[in-house]
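Listed next as structure tokens is one chain, alone, in the form predicted on its own.
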Amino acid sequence: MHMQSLQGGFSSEPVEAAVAFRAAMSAMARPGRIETVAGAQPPAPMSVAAGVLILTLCDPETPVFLAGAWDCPEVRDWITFHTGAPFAGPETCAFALGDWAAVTPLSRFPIGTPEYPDRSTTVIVEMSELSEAGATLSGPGIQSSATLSLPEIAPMQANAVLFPLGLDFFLTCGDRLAGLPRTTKISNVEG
């Protein structure tokens, strides 16, 4: 185990986890809204926001799939030490982490079943840029419309059509995150 794996977790776990959980749920409840989070210092290439989500949402009962450059010993050791979450393939994971190129195609992740739509994957997509501009979003949690930079529009639109099945997404960049639940309709790119 790398020494860095033992560091970078929440310094005041109950308080920081509660604040992070509220930010994550707020982002998911209000698609297009970007939240700023703090408290994690994960190893590269994982962003602060992705680290905060992993620390807050993962535990020994939530299998994680690491895609691309995120599947490295430093990240695996850090997640194991701080959360105890097991690692799994894309077909059985509760969470997936990587950039867009690494996590696609999305069809390999569980989308839930009609009886258990919650047995789907939440995909944490690491972005090089995250802003409240780009694709137009509508649906639950959005008063009229919102905008958000997305890595690609067509796969997200196809995912929304699967509702009540489908994937949920967190988009992360640095210390910022945004939620994109499967209930969100994505129409066009502004401007």
Partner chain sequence: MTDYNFAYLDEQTKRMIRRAILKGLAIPGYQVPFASREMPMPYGWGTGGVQVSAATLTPDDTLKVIDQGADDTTNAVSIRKFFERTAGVATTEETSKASVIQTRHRIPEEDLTEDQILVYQVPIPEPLRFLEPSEVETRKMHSLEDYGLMHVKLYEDISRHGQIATSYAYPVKVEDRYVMDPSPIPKFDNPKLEMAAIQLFGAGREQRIYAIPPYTQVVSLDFEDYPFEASKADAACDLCAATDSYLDEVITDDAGGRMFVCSDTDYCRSRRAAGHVGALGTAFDEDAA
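In this text the structure is predicted, and so the values were computed from the model without any measurement. Positions refer to the first chain, counted from 1.
As for the form predicted together with the partner chain, it is not shown, yet the points below apply to it.
K.L.:
100, 149 and 177 - do all three of these have some heavy atom no more than 4.5 Å from the partner chain in the predicted bound form?
P.N.:
No: none of 100, 149 and 177 comes within 4.5 Å of the partner chain in the predicted bound form.
K.L.:
Tell me which stretch of 151 to 159, 136 to 144, 41 to 49, 65 to 73 has a heavy atom within 4.5 angstroms of the partner chain in the predicted bound form.
P.N.:
Careful reading of the contacts points to 136 to 144.
K.L.:
Even though the partner isn't displayed, in the predicted bound form is residue 29 close enough to the partner chain, meaning a heavy atom within 4.5 Å?
P.N.:
Because a heavy atom of residue 29 falls inside 4.5 Å of the partner chain in the predicted bound form, the answer is yes.
K.L.:
Is there a heavy atom of residue 130 lying 4.5 Å or less from a heavy atom of the partner chain in the predicted bound form?
P.N.:
Residue 130: no contact with the partner chain in the predicted bound form.
K.L.:
Report yes if any heavy atom of residue 89 sits within 4.5 Å of a heavy atom of the partner chain in the predicted bound form; otherwise report no.
P.N.:
Contact with the partner chain, no.
K.L.:
Within a 4.5 Å heavy atom cut-off, is residue 95 in contact with the partner chain in the predicted bound form?
P.N.:
Yes - in the predicted bound form, heavy atoms of residue 95 and the partner chain come within 4.5 Å of each other.
K.L.:
Along 113 to 133, which positions have a non-hydrogen atom within 4.5 Å of the partner chain in the predicted bound form?
P.N.:
Those in contact are 114, 115, 116, 117, 118, 120, 121, 122.
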